[in-house]
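Below, in structure tokens: the form predicted on its own, a single chain.
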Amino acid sequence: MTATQASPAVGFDTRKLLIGGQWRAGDSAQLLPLHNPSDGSLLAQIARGNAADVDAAVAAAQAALAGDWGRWTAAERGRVLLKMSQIATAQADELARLEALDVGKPLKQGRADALALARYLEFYGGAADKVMGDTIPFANGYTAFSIREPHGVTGHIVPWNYPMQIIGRSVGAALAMGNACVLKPAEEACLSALAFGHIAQQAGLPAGALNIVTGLGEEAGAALSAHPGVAHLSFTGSVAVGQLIQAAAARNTLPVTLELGGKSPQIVFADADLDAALPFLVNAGIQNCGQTCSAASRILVERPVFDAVRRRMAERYAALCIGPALDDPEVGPLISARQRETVLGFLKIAHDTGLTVAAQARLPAGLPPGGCYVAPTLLAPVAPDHPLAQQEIFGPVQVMIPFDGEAEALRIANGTAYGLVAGVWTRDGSRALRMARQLHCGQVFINNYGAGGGIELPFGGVKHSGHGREKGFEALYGFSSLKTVAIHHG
């Protein structure tokens, strides 16, 4: 494939940016490669957008707000989002294939993400005209009320691990509230973001309401974060980059929604229903090859059942099927060779510090040599303060930590820099509620584990996991500003 060819595997020209309703080449005319993580092959090329492209995208968004898009009613915005949902549903199989090629997800996970995108658009389409203000009791002779208004131009920097889902929960909510969006997808995975732009056009979204600039984070992403024409930023990704984005936004006093890393625990008490818990304990750790901010990477188990849980998890690990994404295995590759080296580096720390490998899936013979595969690994027992129990690995590695009683479970669960999701497994209802109240995180699942799932469930973290909330109606509030009006009428 040359620099002047679109990839036949993709079905549309990946080398263009969407700005003001037009697909156009980037200002620099430079291209970046997209590689298939299943085999390392060149999948497509994308435009290397820069600050000039971001300027043009922000200007197009501002023009949309001053034009047709800014005049649309909430009901009209809802209808176009519902149309986008219908198109995404109809194209779910193709979107799943794109995500499998681009990210390395098994096809079934890619299809689940495509349907989640459609569900986000459906939810926010239905909610667009249902965001209400309030009347406020005030002094005699006054009528006071509040209204919610769009911020204006919103910037959306989405990661490579769940592009479709995060676009749906972020851009979908922003559009529902009447904002005009500039979307910067991660340079490693842009295909579904570009496909989303085509879906928006097919549905009749006005030009400039959605603009897409591909490129490097340190170029296009940095320009978007620091742009004075942006009124709100949403970022999902690493803590280090989130801190840079928040610092850049602070210079323009912008509100920022940050969903960052996690080291999420599942806490298994001795009275838990282990038959119900076991599938969640493993699947929530190895889904998307462990590249999930809310992955259940720490398994805390009460000591009387520790050996039983370890044995049963090891059996599940031994049965895992690993392979190229289009073969639809249980576990596909990591996103890139760089991420593979990061995960292998953590496994070397485990080896060098004498951690016990309780289970490790087998990499089958015949895997493509250029693929970014790592064998899912379970380490047990692991001390709560060990680096692999404290740091986000972002790969298919889980650690098991024994505990004695509620107090120690809480101390261990809360004892990291993160606070995104937690799971609690117990038949004791009072204990479940006590744990839920005392866990320092944004979501708690009792006798289930959603890994952030549920379009309706507000999602976000505390501590180094970020701030602000996405999903549900909370996202709509976050993508709007509250205005109070007080009328003196005597």
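In case it trips you up, residue 1 is the first one in the sequence shown, and so on. Treat the numbers as computed from the prediction; the structure is a model and nothing was measured.
Missing here is the form predicted in complex with nicotinamide-adenine-dinucleotide (NAD); even so, the following discussion is about that form.
At 4.5 Å between heavy atoms, only one of the stretches 267-275, 314-322, 244-252, 356-364 reaches nicotinamide-adenine-dinucleotide (NAD) in the model of the complex; which one is it?
Heavy-atom contact with the partner occurs in 244-252.
Of the residues I157, A118, A195, A209, which one places a heavy atom within 4.5 Å of nicotinamide-adenine-dinucleotide (NAD) in the model of the complex?
The residue in contact is I157.
Among the candidate residues P384, G419, G237, P150, which is the single one with a non-hydrogen atom no more than 4.5 Å from nicotinamide-adenine-dinucleotide (NAD) in the model of the complex?
After the contact test, the surviving option is G237.
Verify the contact flag for E259: yes if a non-hydrogen atom of it lies within 4.5 Å of a non-hydrogen atom of nicotinamide-adenine-dinucleotide (NAD) in the model of the complex, no if not.
Judged by the heavy-atom cut-off of 4.5 Å, E259 is in contact with nicotinamide-adenine-dinucleotide (NAD) in the model of the complex.
Considering only heavy atoms, tell me if G221 and nicotinamide-adenine-dinucleotide (NAD) come within 4.5 Å of each other in the model of the complex.
Contact with nicotinamide-adenine-dinucleotide (NAD), yes.
E392 versus nicotinamide-adenine-dinucleotide (NAD), in the model of the complex: is there a non-hydrogen atom within 4.5 Å?
Contact with nicotinamide-adenine-dinucleotide (NAD), yes.
Heavy atoms within 4.5 Å of nicotinamide-adenine-dinucleotide (NAD) in the model of the complex: does K184 have any?
Judged by the heavy-atom cut-off of 4.5 Å, K184 is in contact with nicotinamide-adenine-dinucleotide (NAD) in the model of the complex.
Using a 4.5 Å heavy atom cutoff, which residues in 457-477 contact nicotinamide-adenine-dinucleotide (NAD) in the model of the complex? It's fine if the answer is none.
The stretch touches the partner through F459 alone.
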